[in-house]
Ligand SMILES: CC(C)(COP(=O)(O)OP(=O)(O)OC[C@H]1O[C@@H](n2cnc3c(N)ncnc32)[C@H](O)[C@@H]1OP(=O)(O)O)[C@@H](O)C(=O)NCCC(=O)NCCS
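Just one chain follows, in the form predicted on its own, and it is written as structure tokens.
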């Protein structure tokens, strides 16, 4: 397994990453992971890392970025558990972010105990901060889903 940047010019690899995120249950109808991926690839302080096997097959993916103060990880998914793919992607994301930030953050949905346990094993802990949000789109599907997330 090796970790590298997702190829910006490879639509099939983009499809594979988005499919992996869907299969891992990380997507929601009101968030377009393909649009998130494209924006991450276009941003000056964001990227998508992938874990690939010897044949180039996608084993995992993680989106990352920073604001110069905090680093963030999103959409971490591995094709299978217990093989060190997620751990390797987190380590690579932290290494990529380290020159820019002193803290790496992520969000875990309250009902995702497996993800919380995974990050706990890696030394992550719940933050003292609470994430607040305000829906600014007039799309009823977005507004309804944001209310559910509360």
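Nothing here was measured: the structure is a model prediction, and the numbers come from that model. Positions refer to the first chain, counted from 1.
A second form of this protein, the form predicted in complex with the ligand, is not displayed here; the remarks below concern that form.
Of the candidate stretches 64-72, 50-58, 35-43, 84-92, only 84-92 has residues whose heavy atoms lie within 4.5 Å of the ligand in the model of the complex. Although the partner is absent here, residue 30 is not a contact residue: none of its heavy atoms lies within 4.5 angstroms of the ligand in the model of the complex. At the 4.5 Å threshold, heavy atoms of residue 100 stay clear of the ligand in the model of the complex, well away from it. Proximity of residue 105 to the ligand in the model of the complex: non-hydrogen atoms within 4.5 Å are absent; the residue sits far from the partner. Heavy atoms of residue 124 never reach within 4.5 Å of the ligand in the model of the complex, leaving it off the interface. Along 116-133, a non-hydrogen atom within 4.5 Å of the ligand in the model of the complex is carried by 117, 118, 119, 121, 122, in order along the sequence.
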